[in-house]
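Coming up is one lone chain in structure tokens, specifically the form predicted alone.
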Amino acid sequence: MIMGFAQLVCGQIIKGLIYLSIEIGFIYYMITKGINNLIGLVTLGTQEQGMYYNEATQLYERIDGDNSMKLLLAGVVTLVVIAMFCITWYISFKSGKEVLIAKEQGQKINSFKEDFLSLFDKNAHKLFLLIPIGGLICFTVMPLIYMILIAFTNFDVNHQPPGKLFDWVGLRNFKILIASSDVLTDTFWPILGWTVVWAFFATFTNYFGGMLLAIMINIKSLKFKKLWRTVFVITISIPAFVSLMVIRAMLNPHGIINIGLINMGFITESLPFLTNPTWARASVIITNMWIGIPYTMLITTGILSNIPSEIYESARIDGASPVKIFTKITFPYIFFITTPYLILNFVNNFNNFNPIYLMTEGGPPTLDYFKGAGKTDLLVTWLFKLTRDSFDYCYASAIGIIVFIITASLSLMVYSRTKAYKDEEGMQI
């Protein structure tokens, strides 16, 4: 119960005092702030900010109320502090147990100086990981917990602290999004359907397009292989957002593509690349191929170079056709190696914000959708609009959790059934 007591008994005075001071500091923090922060985390505030009329001064005066956002953040910080203290307590307990056993067995007990110097030798990994772990906790774990908890509140446009407090609502937001008669439900399911369609086509068009491009460039009879690779790699060197903005300008009704087709007499009026829902969806998929295919080409090129040429020569001697060679040798080997990349790419496309927002901003808009969401909006772009335009943070947070559940479940389910997971040594060339 007393951190550092075992170390103090065994002569590790400085180490024991450090542990003891941590416990005293934790108790002081909990008494002065921690308990109130936990209470605020439960209540999320009781007094709203407002104005009241002071009879004595004959003036309206402002009442400083609670701020649910600050209370939630303070509560999350306190929970993280408690978790870190529990970990430190366990380390202290384990260290104390080890030093007591060493004393009973008559072994040498390290001094504080020896323990400190070990941080630059055998325990250097602990020293080097200290700052990254601290940064991870402060800038990733705490914000992540904070945003997850918002999904279980009614933090929306009607509950903006400090003027209006928000409160815990449990799973209500998930129910409204998934299974209710609310307009949010009527919006969620169509957008989810298009998100799945987009992720599928954006992933597999780039995957197979890059694979076929790499195979074509890898043909022995093709000349200037390095030149062709360089031409396609140039698209990678240009920032994706620049390419997307340029292509968007080209596809506008008065862009170079429409004007060029009209001048050449192929069409009489501008094609609705970005204004018609079907055209817009096809446009973003095709544009994404321009950006993504070169990446897959580079990965596949490296894999193809590892396949021995003798395998192909033996297959040709046996009378195998090019299609047979591809389906029995090339594709199985590439797929075995790139399965994790393929799953990761699908997850990334599920949350691929840039191609959709920079090309169409989620449009074209339609009255069938809620709060500005358009026909090409993904869940991630709709989430962005809910926070930027509607200030419905609780629904946006709930959507983020749903997206994580869907992508994590699909990734684990698919990968656990692939040969790359079940038989890591199975593919031998």
Partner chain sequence: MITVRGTDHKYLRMIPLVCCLPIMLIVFPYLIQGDTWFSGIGMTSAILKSLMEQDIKAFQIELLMSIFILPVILLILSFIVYFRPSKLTARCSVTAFVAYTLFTVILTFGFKKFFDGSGMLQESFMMKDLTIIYWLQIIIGFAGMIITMKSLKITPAYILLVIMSVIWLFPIFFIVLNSFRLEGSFYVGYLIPKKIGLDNYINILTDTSRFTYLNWFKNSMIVATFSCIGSTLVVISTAFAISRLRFRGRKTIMKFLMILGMFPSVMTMIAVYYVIKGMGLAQSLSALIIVNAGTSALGYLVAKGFFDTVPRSLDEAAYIDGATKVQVFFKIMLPIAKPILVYTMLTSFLGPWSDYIFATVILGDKRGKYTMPMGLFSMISRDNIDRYFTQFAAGAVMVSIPISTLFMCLQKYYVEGLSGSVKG
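Just so we're on the same page, rigid core means the largest C-alpha set that superposes within 1.5 Å between forms. On a predicted model such as this, the values are computed, not experimentally measured, just so you know. Numbering follows the first chain given and starts at 1.
Note that the form predicted in complex with the partner chain isn't included here; everything after this is about it.
**Q** Would you point out which of 81-89, 262-270, 196-204, 179-187 contains residues with a non-hydrogen atom within 4.5 Å of the partner chain in the predicted complex?
**A** Of the options, only 262-270 has residues within 4.5 Å of the partner.
**Q** Which one, 308, 170, 135, 319, lies within 4.5 Å of the partner chain in the predicted complex by heavy atoms?
**A** Exactly one listed residue reaches within 4.5 Å, namely 135.
**Q** Just to confirm, with a 4.5 Å cut-off on non-hydrogen atoms, which of 280, 213, 343, 71 contacts the partner chain in the predicted complex?
**A** Comparing distances to the partner chain in the predicted complex, the residue within 4.5 Å is 213.
**Q** Give a yes or no for residue 96: in the predicted complex, does one of its heavy atoms lie within 4.5 Å of a heavy atom belonging to the partner chain?
**A** Outside the cut-off, so no.
**Q** Whether residue 276 contacts the partner chain in the predicted complex should be assessed with a 4.5 Å heavy atom distance threshold; does it?
**A** Close contact is absent here: in the predicted complex, residue 276 is far from the partner chain, nothing within 4.5 Å, heavy atoms only.
**Q** Applying a 4.5 Å heavy atom distance criterion, does residue 29 contact the partner chain in the predicted complex?
**A** Heavy-atom contact with the partner chain at 4.5 Å: absent for residue 29.
**Q** Heavy atoms within 4.5 Å of the partner chain in the predicted complex: does residue 361 have any?
**A** Yes - in the predicted complex, heavy atoms of residue 361 and the partner chain come within 4.5 Å of each other.
**Q** Which of the residues spanning 216-243 lie within 4.5 Å of the partner chain in the predicted complex, based on heavy atoms?
**A** Heavy-atom contacts within 4.5 Å come from 216, 217, 219, 221, 222, 223, 228, 230, 231, 232, 233, 234, 235, 236, 237, 238, 239, 241, 242.
**Q** After fitting the rigid core, is the C-alpha of residue 189 off by 2 Å or more between this form and the one not shown?
**A** No; that C-alpha moves by less than 2 Å between this form and the one not shown.
**Q** Align both forms on the core first, then report whether residue 223 has a C-alpha shift of 2 Å or more between this form and the one not shown.
**A** No, the C-alpha moves less than 2 Å.
**Q** Would residue 313 count as moving between this form and the one not shown, using a Cα shift of 2 angstroms or more after superposing the core as the test?
**A** Where the cores coincide, residue 313 shows only a C-alpha shift between this form and the one not shown that is less than 2 Å.
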